[in-house]
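Only one chain is included here, represented as structure tokens and corresponding to the form predicted alone.
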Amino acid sequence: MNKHAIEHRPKSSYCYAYDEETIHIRLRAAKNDVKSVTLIYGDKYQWEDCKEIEMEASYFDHLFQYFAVAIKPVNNRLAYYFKIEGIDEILFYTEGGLVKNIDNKYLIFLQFQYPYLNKADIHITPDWVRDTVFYSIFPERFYNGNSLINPDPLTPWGQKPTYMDFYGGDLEGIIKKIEHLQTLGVNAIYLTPIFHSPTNHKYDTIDYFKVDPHFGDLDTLKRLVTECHQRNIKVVLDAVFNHSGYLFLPFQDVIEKGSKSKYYDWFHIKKWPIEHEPPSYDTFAFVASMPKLNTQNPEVREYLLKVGRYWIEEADIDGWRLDVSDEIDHEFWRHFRSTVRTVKPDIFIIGEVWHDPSPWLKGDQFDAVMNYTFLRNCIGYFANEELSDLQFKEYTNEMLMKNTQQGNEVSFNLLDSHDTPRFLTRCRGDIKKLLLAATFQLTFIGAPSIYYGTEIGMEGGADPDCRRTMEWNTNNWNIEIFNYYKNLLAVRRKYKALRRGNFKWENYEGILAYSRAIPGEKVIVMINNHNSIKTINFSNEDFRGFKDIYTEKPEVIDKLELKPYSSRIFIKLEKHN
């Protein structure tokens, strides 16, 4: 047995409270090295009543196998250790390490402990997100709904963008195109920043309490939120708290007065007078127009927390996406979560974290992050075909095991964004590859996010090309892509298993296959990401009772042929009491 591979840590993604009754336990071992893992568990004060349960070999990556089990501790306390059966030996795994035998007189010192299941420690995520498909909008490029507030000069709509172009997209434009969102079938929108700023992207804020005049005003935002809510569409805004804009009045005061400014400690000033090349103050990246805020300063913290409260109270928004969130101290985010949750208990908090998100997803900071790991895996598998079916499974499993179950259930899964090339461009215009990736995204565990225009076949390279204006001439739409998204979103809404079902890989050779299941409902997704026909042979038991999810016609088949770069989705309904 590879003893170095054995891993478990209480109060981590290996042991956490899923809800008020349930604790999830995971153990890692070397892949293909362990026959079985048994959990021995009980109440530390009544250990004589301890029980045993065999753990399920749930997920695997390129090195490790993960075993998992859900436990409902009777008294909210859990003491436990593991019995691991390898190829040629049996070992016990305790807090003291791996041993051949348990010495009961030392057991109280050796047991792993989840001391008490406190409700306050549970990572509670907004329940509504599990049923949600987001639509991400870069407001300046979506639709010009009010020409009276156009910026000057105005670039013609449809012209390829540069970093400095303004096209006149605004909040009124989003209101006028809500019907498109309804037709597509999304039920939440995420808007990149809308607050007063001199740029088209608005990530350099001048006034955190004012809607940018080129986008509208507070009344326009309120009307947008109301119109969305009337159609059961949630609204998430973008908060830029890592840095302000250069024209932010407190920073201008520092430029004028230096250390005599009452705002001097609002920023990370290295020397004064202020210099710009290079900046004599900390910034976002090395961008002189984006001075970094000192969120450890109590005045800055209170100012930004007031911003977080204000837009919930005034406009009734449903969530915050937090820009460059990994460069801000964790203590600030703990204050932020408690502040906004006091105003709206089911507010959705999404962090921009491009790498391992686990430090932010412990229940005291974010609900989810923009899942760029998901995007990376899809680029490697669907767009570039650099990953095999097995490797894609392994990378996906590794991603899932870094997070808790409730974190995975609300993960913000994206294929493209305002910061990345469009996925169809990554696929070199190959529509079939985009549709396969969309199939996976919209049937995988988590909350999918569609970047505006992806649903009609828009392309674009790196920023600023990924921020082209939305195409509203339907003659220029790729109707095949649009209808595919619309139809898949419809079946996602219809079948709860696609939104809330457990995720499990299915073993059909030569393809990628997985299931989503709840009691009474099971969906199987089959994806052929290869340039050849794949034939899947079934036994009668394997496929009895399944029907095509779109036609809802029963299929009695003993084999299935999947065309190159195609997918099939099947549903099976059973009576459930």
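All values reported here derive from a predicted model rather than from experimental measurement. Residue numbers here begin at 1 and follow the sequence given.
Just so it is clear, the following notes concern the form predicted together with another copy of the chain, a form of the same protein that is not shown.
Three-residue candidate spot Ala30, Asn384 and Tyr395; every residue lies within 4.5 angstroms of another copy of the chain in the predicted bound form by at least one non-hydrogen atom.
With a 4.5 Å cutoff on heavy atoms, Lys572 does not count as touching another copy of the chain in the predicted bound form; it lies far away. Another copy of the chain is not drawn, but in the predicted bound form it has a heavy atom within 4.5 Å of Asp329. Proximity of Phe286 to another copy of the chain in the predicted bound form falls within the 4.5 Å heavy atom cutoff. Among residues of the shown chain, Asp103 is one whose heavy atoms approach another copy of the chain to within 4.5 Å in the predicted bound form. For the options His276, Lys494, His355, Lys160, the one in contact with another copy of the chain in the predicted bound form, meaning a heavy atom within 4.5 Å, is His355. Among the residues Gly429, Pro345, Pro298, Pro359, the one placing a heavy atom within 4.5 Å of another copy of the chain in the predicted bound form is Pro359.
Partner contacts here mean any heavy atom within 4.5 Å of another copy of the chain in the predicted bound form, and among 475-483, 88-96, 178-186, 191-199 they occur only in 88-96. Along 57-86, residues Leu63, Phe64, Asn75, Asn76, Arg77 each place a heavy atom within 4.5 Å of another copy of the chain in the predicted bound form.
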